[in-house]
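Have a look below at one chain only, the form predicted alone, in structure tokens format.
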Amino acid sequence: MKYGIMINEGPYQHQAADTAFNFVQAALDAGHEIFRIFFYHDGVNNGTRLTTPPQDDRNVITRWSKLAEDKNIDMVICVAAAQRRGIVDEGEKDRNKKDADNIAPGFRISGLGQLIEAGIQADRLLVFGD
């Protein structure tokens, strides 16, 4: 089965990001495919490299980055939601005249068309969070 995943909640405010991560791991372990993970609303906060949790807490962002690298998963952050929350990649940094970017490795910024494509290409589109 080919899954598209949408995450609408931040990494530390809600259980949705952890549940999505665990689902993705289990699906991959069972031989399923993850077409794309789309981060929307507060879910875009899963993709900022500046998050620094306490040493005794899980690092949700690092887990996502490692998963993207190890499993070659396309992880997309919604551009409009990201801009509202101060998350920019190199292109958005230049376009919006910011002095730095803060996107985590393995993530990329794009538009809602990527979510629509995931819904079309995947057998199932699962949504985590409100």
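For clarity, every value in this text was computed on a predicted model and none was experimentally measured. Note that residue numbering begins at 1 and tracks the sequence as displayed.
What follows is about the form predicted in complex with a further copy of the same chain, which we do not show.
*Asks:* Looking in the predicted bound form, any heavy atom of Thr48 within 4.5 Å of a further copy of the same chain?
*Replies:* Contact check for Thr48: yes, within 4.5 Å of a further copy of the same chain in the predicted bound form.
*Asks:* Is there a heavy atom of Ala104 lying 4.5 Å or less from a heavy atom of a further copy of the same chain in the predicted bound form?
*Replies:* Output for Ala104 is no: heavy atoms all beyond 4.5 Å of a further copy of the same chain.
*Asks:* So in the predicted bound form, does Asn96 come within 4.5 Å of a further copy of the same chain, heavy atom to heavy atom?
*Replies:* Asn96: yes, in contact with a further copy of the same chain in the predicted bound form.
*Asks:* My question is simply whether Thr52 lines the interface with a further copy of the same chain in the predicted bound form - judged by any non-hydrogen atom within 4.5 Å.
*Replies:* Residue-level check for Thr52: yes, a contact with a further copy of the same chain.
*Asks:* Quick one: which residues from 32-47 get a non-hydrogen atom within 4.5 Å of a further copy of the same chain in the predicted bound form?
*Replies:* Read in sequence order, the residues that approach a further copy of the same chain (within 4.5 Å, in the predicted bound form) are His41, Asp42, Asn45.
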